[in-house]
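There is one chain below, alone, in structure tokens, taken in the form predicted alone.
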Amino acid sequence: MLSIEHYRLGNGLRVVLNEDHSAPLVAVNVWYHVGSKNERRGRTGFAHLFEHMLFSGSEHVGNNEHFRYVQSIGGVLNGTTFFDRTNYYEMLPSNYLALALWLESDRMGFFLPALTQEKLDIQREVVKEERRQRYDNVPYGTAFERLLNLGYDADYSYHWPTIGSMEDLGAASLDDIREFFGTWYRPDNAVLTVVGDFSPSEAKELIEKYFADIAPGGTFPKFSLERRPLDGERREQFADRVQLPRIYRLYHLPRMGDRDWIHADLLSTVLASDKASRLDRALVHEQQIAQDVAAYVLPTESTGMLLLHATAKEGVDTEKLEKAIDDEIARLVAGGITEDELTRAKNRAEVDFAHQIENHDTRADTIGMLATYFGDPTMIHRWLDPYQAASAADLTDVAARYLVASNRATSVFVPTEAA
């Protein structure tokens, strides 16, 4: 059982401490409850832009000095952005805990005084180049973006990816940045998690010293997070500079942590996780019509999604591949999940979760997620319980109700010359 202590500062900052002296290291992780979900149409990409902006310096820390401070003592650091959150983390020798806390507090409380047009212009171009390299100029790079555009209505804030659009990034102004920061990057919208080799009393003193005087914000903007049901399958065919056709599907699910989401997570292992899974065995090895196949659920807070993709072998048309996928899902629904498949899926979930919590940095991230999305970091002790309680019938039921044409968006990539 992990030692978990959690409390709030007077300004609303949630703090979670996990003391662990197994190594002379400490992980500091800050989750801000803001992601691309909290953006508006015409102003997309702000959350991811901020992931970069907060490394460009604050009132007492120079541009990129955050990296220099941490890396000079052998530590590692970074930040990530997703639909529902942005996080920043450091992993460093435990005697430098004060350094990590000071750095995180300075950019939480003193970012705006150091903001300049030059910094915004530089980071905007960095993000644009990242979009070119990861999305626009790589094979199948826009597939996820296209699925989101298909699967969610234009006014629903999962409609766009975290990277945002080139047009919106180009339109971002200093006033936009100041407003976004003031609205979301504040102690009462954050979780600070500390994991590792530290004294709780000393950590609390340092947290009080560096964070307690940062002022909370006002009210939060309202967002409608109720997804409207699809009006039947939404699909497209997209000609791109790819060598082989590939099918992408998005099936809608309830939000992360919901009973059906957990059963769908297990189901994705049964469908396509390794050579023993249903689709891999049928499409890749037996029928030999696919190069590869994958299925997985995303850890999204407001609504869930199961993603599936399969790459056709050369000479195989996408209609044949799609029919084979649908036939295998129908066979699973009609015949059910075997107990061996269920056991294998549960074992995989247990192994994956063990990897998440075995290291200080990934454990801190998991704790931050549970505290942010569910308000309870002690869920880390119970997270696997509903997985272990799932039955074969539960997984079959989820497949029957959610893996249907009326609940999916499909994007089919074909080589340009074959379009």
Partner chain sequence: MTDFRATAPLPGPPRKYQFPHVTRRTLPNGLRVLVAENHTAPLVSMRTLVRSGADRDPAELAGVAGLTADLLDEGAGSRDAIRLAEDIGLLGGSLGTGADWDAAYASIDVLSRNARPTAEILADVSFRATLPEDAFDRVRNERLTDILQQRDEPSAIAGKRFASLLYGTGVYGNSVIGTNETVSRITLDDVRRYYAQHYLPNNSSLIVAGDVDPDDVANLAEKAFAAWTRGPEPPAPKIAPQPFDSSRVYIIDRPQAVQSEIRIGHVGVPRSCEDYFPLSVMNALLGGVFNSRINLNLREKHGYTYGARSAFSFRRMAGPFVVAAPVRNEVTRESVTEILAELRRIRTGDVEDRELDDTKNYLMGVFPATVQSSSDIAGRLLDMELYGLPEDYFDRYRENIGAVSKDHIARVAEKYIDPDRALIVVVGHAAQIREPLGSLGLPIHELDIEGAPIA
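The shown structure was predicted, so the numbers you read here are calculated from the model rather than taken from an experiment. Numbering follows the first chain given and starts at 1.
One more form of this protein, predicted in complex with the partner chain, exists but is not displayed; see below.
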Practice item. Check, residue by residue, if D153, Q237 and L384 all come within 4.5 Å of the partner chain in the predicted complex, counting heavy atoms only. Key: no
Practice item. State the residue from R331, K323, R228, H285 whose non-hydrogen atoms include one within 4.5 Å of the partner chain in the predicted complex. Key: H285
Practice item. Consider the chain as shown here, without its partner, and state which of Y248, W184, Y140, F83 has a heavy atom within 4.5 Å of the partner chain in the predicted complex. Key: Y140
Revision key, fill the gap. Note: the partner chain not shown here; in the predicted complex, the stretch from 72-80, 184-192, 229-237, 301-309 having heavy atoms within 4.5 Å of it is 72-80
Check your understanding: So in the predicted complex, does P24 come within 4.5 Å of the partner chain, heavy atom to heavy atom?
Key -> yes
Exercise for review: Spell out, yes or no, whether the shortest heavy atom distance between E358 and the partner chain in the predicted complex is within 4.5 Å.
Suggested key: yes
Exercise for review: Consider V351 of the chain shown here, and say whether it contacts the partner chain in the predicted complex, taking contact as heavy atoms within 4.5 Å.
Suggested key: yes
Practice item. Look up in the predicted complex whether F67 has a non-hydrogen atom within 4.5 angstroms of the partner chain, and give yes or no. Key: yes
Practice item. Would you mind checking 242-271 for residues with a heavy atom within 4.5 Å of the partner chain in the predicted complex? Key: V242, Q243, L244, R246
